[in-house]
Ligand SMILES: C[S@@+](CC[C@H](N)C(=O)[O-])C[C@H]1O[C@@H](n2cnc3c(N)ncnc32)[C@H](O)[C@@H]1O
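One chain is shown next in structure tokens, namely the form predicted on its own.
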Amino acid sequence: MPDFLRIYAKQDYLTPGAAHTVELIAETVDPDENTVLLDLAAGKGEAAATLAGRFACRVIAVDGYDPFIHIAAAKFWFYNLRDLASVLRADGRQIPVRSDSIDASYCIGGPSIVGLEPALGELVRVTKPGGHVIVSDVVWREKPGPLGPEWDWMAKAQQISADEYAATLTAAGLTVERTHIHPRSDWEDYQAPMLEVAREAKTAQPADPFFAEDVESQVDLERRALDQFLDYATFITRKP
């Protein structure tokens, strides 16, 4: 298993365009002190902390990776958000939250990792009728067909276009209101801290060139894919 804690050591957001997606959530939901949000695959809890801190809304952060759960909990404590933000350990396929109890829910970068249909099913279940469900994920601008082993995880990934992703959201019972395709600069902002981690690994005492090479090769892989067929999209939907 990759050392995510080390790979993402220099960044709070763990997916491309996450900060922009948080702004889309804020703009769309316009939360206040009476709003309850659910953050699925919350990572280090940065989105939850940002929204709770700005709007005094309540946020339930859900993640299944223990190191990130501990970081999120510590962040909520450090920023005095313990009365507003909480973190639950769950895998996203069975969220321990009552049905129709959340004003709006979101999953930044994780639906296809959690399992697209199960994750969407749970987000729809917990969200109140009329509430927004906002998700961001990798989509395929072009579908190249079977890929060789040199494409690593992408060779096994489902090749789903933005339109097909929107259709999956519709099939889950959601009304798609807007699709935002993130610019290449969002990827570059996301990758820069990881490349810095790799550079430091090369010069550390002792140096760790193998870890650095793994990180750099993954970034190179993503950049080649972006040139040829990948995009990143945020979908803004509403539960009827």
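In this text, all values refer to a predicted model and were calculated from it rather than measured experimentally. Residue numbers here begin at 1 and follow the sequence given.
From this point on, the text means the form predicted in complex with this ligand, which you will not see here.
Undergrad: Thinking of this ligand in the model of the complex, which stretch from 107-115, 165-173, 148-156, 76-84 has heavy atoms inside 4.5 Å of it?
TA: So the stretch in question is 107-115.
Undergrad: Quick one: does F229 come within 4.5 Å of this ligand in the model of the complex, counting heavy atoms only?
TA: Judged by the heavy-atom cut-off of 4.5 Å, F229 is well away from this ligand in the model of the complex.
Undergrad: With the partner left out of view, is D103 within 4.5 angstroms of this ligand in the model of the complex by any non-hydrogen atom?
TA: Contact with this ligand, no.
Undergrad: Can you work out whether A225 and this ligand are in contact in the model of the complex, taking contact to mean some heavy atom pair no more than 4.5 Å apart?
TA: Answer no; every heavy atom of A225 is more than 4.5 Å from this ligand in the model of the complex.
Undergrad: Can you check whether A90 is within 4.5 Å of this ligand in the model of the complex, heavy atom basis?
TA: Contact check for A90: yes, within 4.5 Å of this ligand in the model of the complex.
Undergrad: Looking at F211, W187, F55, F68 here, can you tell me which has any non-hydrogen atom within 4.5 angstroms of this ligand in the model of the complex?
TA: Residue within 4.5 Å of the partner: F68.
Undergrad: Let me know which residues along 23-60 have a heavy atom within 4.5 Å of this ligand in the model of the complex, or say none if there are none.
TA: Read in sequence order, the residues that approach this ligand (within 4.5 Å, in the model of the complex) are A41, A42, G43.
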